[in-house]
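So this one's two forms of a single chain, laid out as structure tokens and tagged structure 1 and structure 2.
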Structure 1
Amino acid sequence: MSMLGMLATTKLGEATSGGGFWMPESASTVAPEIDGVFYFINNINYFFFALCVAILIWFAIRYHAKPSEHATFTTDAPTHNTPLELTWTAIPLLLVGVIFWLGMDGFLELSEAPDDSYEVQVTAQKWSWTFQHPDFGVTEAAELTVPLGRPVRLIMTSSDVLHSLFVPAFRVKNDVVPGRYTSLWFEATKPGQYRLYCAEYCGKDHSKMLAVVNVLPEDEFQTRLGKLAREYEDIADQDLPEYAMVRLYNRCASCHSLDGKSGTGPSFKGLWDRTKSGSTVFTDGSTLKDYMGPGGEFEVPENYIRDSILNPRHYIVQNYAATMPTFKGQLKERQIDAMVLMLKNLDRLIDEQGNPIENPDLSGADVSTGAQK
């Protein structure tokens, strides 16, 4: 065990395993070690704070003089004390050296993932997280499923600006940088759900860039990912709109509302009606109607929805910026069909306030995509 690990097993770090006043719940193999260093530094601060306050009080009492008394000064008073100066220099230097060594030891341990780590590819974008599982061919959004008691390595990149992935319960955080790959790893020790945050300010909806980490025992993990790998293939056409609302809309929620309110992107409420009528206006002043109809770029309105998902910067809606990333390669064909059907049947899926309806009635729903693929 490393020095950092031994420190965490002392009484100083024992109280950190279940969380406490200063730290959240500990749920990874590295968390107790990191907590041990934190409490080690904190206790040093407590000790010296108490020492300085005690000396201050003692000096105030010992050398207190009444207003009527006049202080006398002698020319032979000491100007310095070499042993004292060496002491107050050597002790802080030693403590800082120990803190640096403990921190570096932990940093090196966190920098190199075990060879048998389960790998997940992470894409950050304003303002959502996408997690791809190459071993299963599964893509998750705003939700990451990982196995219990097995090292997990996240290979991360950003499609727009600088982000930072942070899971407090695992005590791991690293920047996610556009144009390059970064990584971090962890091994979860407790099953359950844990919050994942973006810890780098990335724009207007930075505070909404959240995700959940689901930690499952190995057998449940295998079952869960296996089901996700084929779930959209086994769903009946009639159920695709609800599937898109439950499983896919969370990728869109940070930019596209369901209640008609404008966000980073246009609201999904009423979007299908605007698309059918061709009333959508683009930044160049043209309208969607100019590109619709036989011989047009979008012979049927479904094709415009499809193009907006795969090539979102082709036509930019007026009063909005070209900030939406492409979902090409992230969504399978049937999932794209599900998104189209969700928008076509949105009035069956949400109430008047824009809240998703539980167990919506989709009898008689329009399940024809009409799209040219």
Structure 2
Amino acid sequence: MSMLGMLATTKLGEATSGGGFWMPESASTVAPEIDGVFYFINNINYFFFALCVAILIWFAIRYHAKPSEHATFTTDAPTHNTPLELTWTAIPLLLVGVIFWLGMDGFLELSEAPDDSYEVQVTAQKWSWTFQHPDFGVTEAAELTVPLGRPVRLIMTSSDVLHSLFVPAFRVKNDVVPGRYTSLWFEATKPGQYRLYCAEYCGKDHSKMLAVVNVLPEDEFQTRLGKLAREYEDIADQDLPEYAMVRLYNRCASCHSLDGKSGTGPSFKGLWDRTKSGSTVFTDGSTLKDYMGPGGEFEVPENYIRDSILNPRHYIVQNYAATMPTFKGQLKERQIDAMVLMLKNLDRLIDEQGNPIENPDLSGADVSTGAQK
């Protein structure tokens, strides 16, 4: 069973090499144009900076005088010169006019996505990204797979605060705003893996809100997404816990640790035992036991886990804030099952320190997901 092998921990070799003194390697159709504007401004700036600093230094040296030399001061230097001043008002005006025009031109191209773009829906939440491919019914996290040489349009929204999606190699960025959709587009020109950052400050783990854009040639792209689309359907029940650990846990990782340390949310380690025994205490002082058992709200403990994932604000564990986003609509039924099974069999999936085990032994694991759904 080489589920984990498939994950092939991403190496960003290509995204870090290449590039010039100012701009890093570029890998999209708009990038050369933006770099062009950048270097155009650069040249104007080098010129004016050198000119002004040269004049400054020249005057400072040429006209340097000690106070003791101040018997008299020059009075023949002009105090103003209107034609000269108008000239040095007009020249910058002209230059910035040109810069403005170039910048606007480049921008208008950026703002209009081509009609035939491949669309991906992006949801940002503290502190991770979810990428949904409606064409394939596939949801990815931490990695966004896109086709090479085809315009891709990201339609983005946030489930909590402001974020901003930024892919330096493509020279694109746009804020991700709760309660509305924003979008950006790019067309990748080189296969490879590129860094994706959150660029708008969003709290504690803002600097950990990273992902990878994986650009694949069209045929590989189709194969890969096709595979991802069927993956969880085809997996044997027996392998679901490992599937969840490899594919789904990264969406919970920013808040739920595996090593017993509590973070934004309680650690997953020991969660199942606590749930099974009903000893979890909620903010209102009640315990899980009060709701469990035949006739109770949760007939079996599995249902409490399921409910926590779908309606996280329903019961709030004591000492934690109601910050967990709902995963309703983001995870398929079978994926939620997988999640439940992962928590249930966590001891087989991780080692003492809370690190996932490669090729865990799941023979004889309990893979029942509870009767009532």
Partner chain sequence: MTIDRPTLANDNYLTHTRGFLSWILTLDHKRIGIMYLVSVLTCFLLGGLFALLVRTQLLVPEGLIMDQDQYNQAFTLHGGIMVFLVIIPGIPAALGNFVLPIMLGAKDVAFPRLNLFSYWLWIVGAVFLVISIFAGLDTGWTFYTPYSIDDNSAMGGVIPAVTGAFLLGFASIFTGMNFIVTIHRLRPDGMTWFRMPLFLWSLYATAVIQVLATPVLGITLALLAVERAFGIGIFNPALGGDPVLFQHFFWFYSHPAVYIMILPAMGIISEVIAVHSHRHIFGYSFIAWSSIAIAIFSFLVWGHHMFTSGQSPLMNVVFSFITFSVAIPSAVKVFNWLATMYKGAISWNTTMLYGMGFIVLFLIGGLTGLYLGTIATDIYLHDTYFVVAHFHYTMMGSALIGFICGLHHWWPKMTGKMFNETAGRTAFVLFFIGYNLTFFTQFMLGSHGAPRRYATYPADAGFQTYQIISTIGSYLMAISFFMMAAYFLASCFGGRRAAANPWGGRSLEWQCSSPPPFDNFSEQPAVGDCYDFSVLRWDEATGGYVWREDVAHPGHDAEEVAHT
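Residue 1 is the first residue of structure 1, and the numbers go on in sequence order from there. Note that the rigid core is defined as the largest set of C-alphas that superpose within 1.5 Å between two forms. Here the structure is a predicted model, which means the values were calculated and not measured.
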query = So which is it, 1 or 2, that shows the form predicted alone?
reply = 1
message = If the two forms are fitted on the core, does Ile57 show a Cα displacement reaching 2 angstroms between structures 1 and 2?
response = yes
